[in-house]
Every structure is written in structure tokens, then in C-alpha cells.
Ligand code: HEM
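The chain below stands alone and is given in C-alpha cells; this is the form predicted alone.
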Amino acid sequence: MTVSDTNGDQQILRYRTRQRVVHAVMASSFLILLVTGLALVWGPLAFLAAGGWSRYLHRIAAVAFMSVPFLYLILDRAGAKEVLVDSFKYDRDDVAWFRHMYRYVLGRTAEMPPQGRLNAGQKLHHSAVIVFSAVIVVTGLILWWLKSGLTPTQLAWTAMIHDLSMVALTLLLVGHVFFTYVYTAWSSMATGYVSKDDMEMEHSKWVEELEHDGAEGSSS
């Protein structure tokens, strides 16, 4: 779907409302998990754990975080399948993109290989988020429900894997925020729309697919 904004620039619908809702649930629950988790393991924030409220809030946020894939399937099954498939599917243009990734980091997209709806960096980010989120959920459930049955060594390993996975997701979040800032993409999660000119530069194959599908739809 393409519309024109007040300046006459064409805008493409990139994130549907339901996708933005799922993104908001995931982002907010993760941030709560991060803060409340730090309160349990980092001295300077230990005061936040006074009275045990942060532990309860951590578990509430954990339930919300675990609900994300189910929420995605309920609200936007096609979108969930699209993200899952695209995040683990690479082609020659993606390999070429990685060879020139430094240009993208510097905010230069004009010289990058053509990309689909997700560029190679976004695919790597998405797949890493999926994997580390799964590890966090599994280890978190073990620490929540099976902690008493673990030996000291098992407990230490489970907690370490859980914490390191959280560190990895935090670093991925920092990178996500960085690129969102560099490419001024903040508004896309509020409105769902992005500039067609920007997309033709960053995701030209995806724009071509949209135009091809639109042409087929209008002719049928």
C-alpha cells in the first residue's frame, strides 16, 4: 500500500498495525526484564529489588515476553511466517551485502547490493534475536520452576547462560537503536509507513516485488 504525505512524497506501508503492536509488547517486556533482572544481580540497582517487587514484575514481564510468538501468530500469522522464513534465508546479494557492511554502518546505502524486505544485517539481527530469546525463555523457565531440583553446578551454568543471552540481546538492542537513529526510522513504528525513495535505495528488491504484485492485482 502506497500513499503520499503532506509534502507529496510517496510512503510505503512497511509495518502493519498488528505487527507494531507485537513489536511494542516485545520491546516493553524486554526492557522491564532487563531492568528488573539487573536489580537482582547488579549492586547499584539492588535497591530496586527491595520488598521483592522487582522479582514479581520480572515474572510478569517474562510471561508477556513469552507470549510474543503466540501473539504474533494470533494477530498476524502471515507476518509471523514471513519474519521467520526471511530471517534465515540468504542469497548472493546478502553475502555481497556483508562484504560491504561497513558502508551501511557509516550510513551509506546507495552503493549497497540490492536487498529484499529485510537486508542481510536485519536478517542476522532477527535470527539472533529469535535464537537468544528462545535460550532465555528455556533457561528462565528452568530457573523459575525447576531451580530446586538443580545441583549447584547446574544452577550456576543455567544462570550464566541466561545472563549471557540477556547480554547478547541487550547488545542487539543497542545496535537496533543505533541503526534506527542513523536511518531516521523512528516514525515507521508509529505510523507503519516509510519513504518510498529510502526503500528504493535500501530495499530495492522488495519495492520491485510490491510494484509487481500491485501490477498483477490491478490487471486481474
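One rule holds for the numbers: they count along the sequence shown, beginning at 1. What you see is a predicted model; the values in this text were computed from it and never measured.
There is another form of the same protein, the form predicted together with ligand HEM; it is not shown, and what comes next is about it.
In the model of the complex, every residue of the candidate spot (27, 83 and 177) has a heavy atom lying within 4.5 Å of ligand HEM. Ligand HEM is not drawn, but in the model of the complex it has no heavy atom within 4.5 Å of residue 103. Though the partner is left out of this view, residue 188 does reach within 4.5 Å of ligand HEM in the model of the complex, counting heavy atoms only. Using a 4.5 angstroms limit between non-hydrogen atoms, residue 196 is distant from ligand HEM in the model of the complex. Proximity of residue 109 to ligand HEM in the model of the complex falls outside the 4.5 Å heavy atom cutoff. Partner contacts here mean any heavy atom within 4.5 Å of ligand HEM in the model of the complex, and among 35-43, 49-57, 169-177, 151-159 they occur only in 169-177. Looking at 51-85, the residues that come within 4.5 Å of ligand HEM in the model of the complex, counting any heavy atom, are 65, 72, 83.
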